Every structure is written in C-alpha cells, then in structure tokens.
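To begin, one chain is listed below as structure tokens, in the form predicted on its own.
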Amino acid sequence: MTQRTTNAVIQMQHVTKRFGTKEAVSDVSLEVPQGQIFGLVGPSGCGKTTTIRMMTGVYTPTEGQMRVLGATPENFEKRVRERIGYMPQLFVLYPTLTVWENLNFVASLYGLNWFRRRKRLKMLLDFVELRSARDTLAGNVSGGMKRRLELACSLVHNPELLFADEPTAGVDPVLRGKFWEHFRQLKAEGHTLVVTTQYVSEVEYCDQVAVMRNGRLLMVQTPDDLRRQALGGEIIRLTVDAEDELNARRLLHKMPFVEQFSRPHGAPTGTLDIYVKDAGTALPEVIGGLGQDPTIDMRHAEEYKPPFDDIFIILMERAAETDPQSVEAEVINV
C-alpha cells in the first residue's frame, strides 16, 4: 500500500491466495478504516468470500501480509476473536433449536453471564424483529428470518468488527432494505462492518467500496467516486422541448466545460445527458447559457446519477478490455 491509515482496523498488503494452481485472490492491497461500512463487491466467484475468510483467519494467505485489529488473523488470540463477529453466507445454526435457544447457545460460547445475557438477547431479538418467533424452531422459520437470526447471533457479544458475507443473498428487496437499516444503526453505534454483496445497487449504502473481478482488486472508492471513475465525470440531464433540441446542442457545443453530450438510449427528443467534471458548478452555467436563447423552452435540468447497475457494467466491461487473461463467465445480480 502506498499510504497507511492510522485508524485502519484491517490492512492487506499484496495478499495472494492460491488453492493448488488456482489463484483465487491476486495481489490485493487495501485498508478498512474504523467506523465505516466497507463493501466488497463484484461478480460471483471474484474472490470476495476468500478475502473475507482470510480476514477472519479461516484461510492463510499464500503471499503478502495482513493485519486485523492489529493482529495476524491466522494467529488470533482469544481476546482478539472476541472483538469480531462473522455472519457467513450459509445457515450454520441449529435447526432443531428454537430461535431463542440458538441465541442463548451462541451467547454461552462467549461466556456471557445469565443476567447480562437475557437483556442482550431480548434487545437483539427486537433489533432483528424476531421477538414473535423466539420459541419457533430455527428450521421452521423462513429464509429471511434465518438470515436475521444469523445476524443476531453474530452480534451477541457486541463485536467491534463485523463481517457479513452476502447477508442479503436470496432475500426480498424489503428485507434487504431492513438489513441495511440494521447495518447503518450498527455503524452509528461505532461498529466497523465489512459486507460482501453481489447486488451492486447496495454499494450506495457503503462508505467505501472495493471492486473485485477475477480475484483482483480493481479499485477502492466512495460510491460517488465510483460513478465519476466510470463516467469520467458527472452528468447533467437536460430536458427541452423537442423542437428546441438542435438549438440547445448548438449552445452546448460552445460551452468549454461541456466535455460531451448525447441523448440517452430510449429517451425522447429533447432529452440530453451532458458530461462535465463537476455538475454542481456546471449546472447553473448550463441553465444560464441556454437561457440566453429565448427560443429554447427548458423544461428541466438537474444532476443525474445513473444506477450502480449501469456503473458496474461499465467498470466490468472496461476491466475485461484491459485484462490480458482469459475470462470465465461472470454474473452480477442487479
């Protein structure tokens, strides 16, 4: 890494993981600052879960160095592990125990005393909205409720650092939104979260996003900077009367801060996307410039942020063009 962050809870330096001859993660360097929601995003099979498992000490890097909470993951001491929570992809709790019994069992593993435990578990049941299901066998609750139970169990000991590996995989959009409400609340309470996801629209909720493809780290950016990197700037979406589009194009050509403009695919005549470096400063100039022509009837102008589905397609296509290695089929859930 070129620069070290003093408040980083995770530091990876040139980390590679091989399974036999297959390189699952290749030369990854990143840092996760304290108190953030840090997203790991990319196509299925890109190395997200392998990266998480190295961070938690399940896998040992083949090459490179890694520190989590100041310690080497494969050598975690008990006191360090107790500061970490882990929500795996698959349901790993006991289907023949009730929701409450599963929570109680996990709490016992961390040595929580009975009086402290009961208060904590009741709070967690409310947090994940499972109080009404507390006496239901875990094997009999819905898939979404199982995911919420796993989240509650990963939080029993109030960990400083939480890893959530594709926590919203296979759940409906309403429940996905609730999960992210929980994550934002945890962040507000001072927790650090590392969350993997295939749903690229969820990067909007992260403070920083690491984009992975074929085991490689493409970039670490804020969500807004991901858009700028993909688009080469920002977009102003302009709408004028259809008969005024030619005049609007003529004036836009004369504006030096306008890098390019085009009609969005499928949009009606009169709608233009204007590419600029900074939409905040360019927007009033666009409005003022077009306002000099009284024949142009401007209906609407505002900064436009394309959905992250589109942004990730751009980033993945660009990476495919520059990657010299052969590429296997990849899937992004949008």
Partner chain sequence: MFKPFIRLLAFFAKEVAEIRRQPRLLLSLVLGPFLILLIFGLGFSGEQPRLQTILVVPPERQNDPRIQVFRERIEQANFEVVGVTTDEQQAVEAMRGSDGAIDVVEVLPADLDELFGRQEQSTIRVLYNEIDPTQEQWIQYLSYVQVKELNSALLLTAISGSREQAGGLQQFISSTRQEIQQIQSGLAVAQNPETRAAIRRLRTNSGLILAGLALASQSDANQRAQSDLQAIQRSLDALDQAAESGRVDEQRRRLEEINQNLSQVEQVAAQITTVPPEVLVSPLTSVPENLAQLEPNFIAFYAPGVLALLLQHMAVTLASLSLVRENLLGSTELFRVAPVGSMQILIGKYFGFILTIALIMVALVGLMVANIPIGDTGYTFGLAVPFVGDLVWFAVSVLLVTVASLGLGFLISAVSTSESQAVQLSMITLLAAVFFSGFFLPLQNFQAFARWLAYLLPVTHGVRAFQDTMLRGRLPSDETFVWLGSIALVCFLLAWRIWRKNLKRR
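Residue numbers count along the first chain shown, from 1. Not measured: the values here are computed from a predicted model.
Quick note: we don't show the form predicted in complex with the partner chain, though the next part is all about it.
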Checklist entry - Heavy atoms within 4.5 Å of the partner chain in the model of the complex: which of the stretches 98 to 106, 245 to 253, 169 to 177, 196 to 204 has them? => result 98 to 106
Checklist entry - Can you check whether Val58 is within 4.5 Å of the partner chain in the model of the complex, heavy atom basis? => result yes
Item to check | Lys305 within 4.5 Å of the partner chain in the model of the complex, heavy atoms | outcome: no
Checklist entry - If you check in the model of the complex, is Met219 within 4.5 Å of the partner chain, heavy atoms only? => result no
Checklist entry - Phe91 near the partner chain in the model of the complex, any heavy atom under 4.5 Å? => result yes
Checklist outcome for this item: Only hit among Glu181, Glu82, Asp224, Glu259 for heavy atom within 4.5 Å of the partner chain in the model of the complex is Glu82
Checklist entry - Just one of Ile235, Leu112, Leu130, Leu186 has a heavy atom within 4.5 angstroms of the partner chain in the model of the complex, so which one? => result Leu112
